[in-house]
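Shown here is one chain on its own, the form predicted on its own, set out as structure tokens.
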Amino acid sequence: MAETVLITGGAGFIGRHVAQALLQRGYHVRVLDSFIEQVHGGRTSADGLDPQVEIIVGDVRDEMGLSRALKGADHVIHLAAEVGVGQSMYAVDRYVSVNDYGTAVLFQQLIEQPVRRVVVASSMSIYGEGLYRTVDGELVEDAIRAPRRSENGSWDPVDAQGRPLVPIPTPESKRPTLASVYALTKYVQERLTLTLAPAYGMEGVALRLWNVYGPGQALSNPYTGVLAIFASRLHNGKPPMIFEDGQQRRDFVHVEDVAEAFALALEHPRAPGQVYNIGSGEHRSVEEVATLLAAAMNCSELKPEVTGKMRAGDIRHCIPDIAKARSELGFSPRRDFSDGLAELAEWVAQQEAKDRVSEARKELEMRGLVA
């Protein structure tokens, strides 16, 4: 008989791909999802989910619904969460409630109905600024950006002599520097999983995800992944809007590679008790990515709008060291970025997308969270 995996938040962008990867491995997949409007646009059906997937509509904070969803489950992949650094800085109660209280409710139910393994989606945001080195070669784990005092000031963290620090790949051993409410909540999700699972005879694993992209993202959600936000703007004939100077560097990993990472984390005997960085192993500036996406969508004339303003909670550079996931899980990202952008552009061309980026920016400005 096939093992059952419950995916919380499984009707979302990542969840749909994880569900497909698990079905291909022979699991029975059950999804618990609340289908919130910001992500699903008012849909209550599981668009993009295989008909074989068992769907339970419900909130991860609802004890009775969770108890029902856990019946007969062998494993849990915990994806249910509010996502977005910017929004988390003003929708504080909502983010803490869904992400942290929701995880607490999940484990309260797991005490009564334990499973073998729980894999939780953590985030690169927990690192805050990534790992840096000085021009003299010294490692800096706790880089913090000072506010820019003038137009000529550095966007980058600097050393004691005022010289910009150089970003280098960040390993799992780097101490967290929690710079946003979202980061705080993801760290709590991670630690609850790694603390409570073994206490009750279960196995816990955390995957720290970088910028996930691919077809199926919520294009009308202005707090989703940056590539989907750029795609929504371009699809509506508007230029991508970029904070700061556009030179902040990020790693973009295809959702199919992320789904494979979850399957590996669910099955590999070395995974329990561990955290793993999941990215592509490549990094680019945000401005470069916006330009490449515009070209893929045949609207290169829409040059990125670089705002020169900073959003509260944002970090400058954070790029992953994925050596641990490679060596311990056998994780090997396969999707080429250029091919992934072409695939995303083709999918976006067939979608409708409301551009809510300006509306989201006004929300932040109104609260003094953009400067």
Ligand SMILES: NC(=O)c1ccc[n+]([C@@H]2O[C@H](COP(=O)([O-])OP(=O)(O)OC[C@H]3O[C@@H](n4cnc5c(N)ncnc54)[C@H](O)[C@@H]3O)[C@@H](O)[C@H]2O)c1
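Numbers follow the displayed sequence, beginning with 1. In this text, all values refer to a predicted model and were calculated from it rather than measured experimentally.
In what follows, reference is made to the form predicted together with the named molecule, a form of this protein that is not presented.
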{"property": "S122 within 4.5 Å of the named molecule in the model of the complex, heavy atoms", "result": "yes"}
{"property": "In the model of the complex, A80 touching the named molecule (heavy atom, 4.5 Å)", "result": "yes"}
{"property": "4.5 Å heavy atom contact, Y27 and the named molecule in the model of the complex", "result": "no"}
{"property": "A271, heavy atom within 4.5 angstroms of the named molecule in the model of the complex", "result": "no"}
{"property": "Of T291, N211, Q109, T177, the one that lies within 4.5 Å of the named molecule in the model of the complex (heavy atoms)", "result": "N211"}
{"property": "Contacting member of E343, D321, D59, E328, with respect to the named molecule in the model of the complex [4.5 Å, heavy atom]", "result": "D59"}
{"property": "Candidate site A11, G15 and S34: all three near the named molecule in the model of the complex by heavy atom within 4.5 Å", "result": "yes"}
{"property": "Candidate stretches 282 to 290, 151 to 159, 114 to 122, 131 to 139, one within 4.5 Å of the named molecule in the model of the complex by heavy atom", "result": "114 to 122"}
{"property": "Residues in 84 to 106 close to the named molecule in the model of the complex, defined by a heavy atom within 4.5 Å, in order", "result": "V98"}
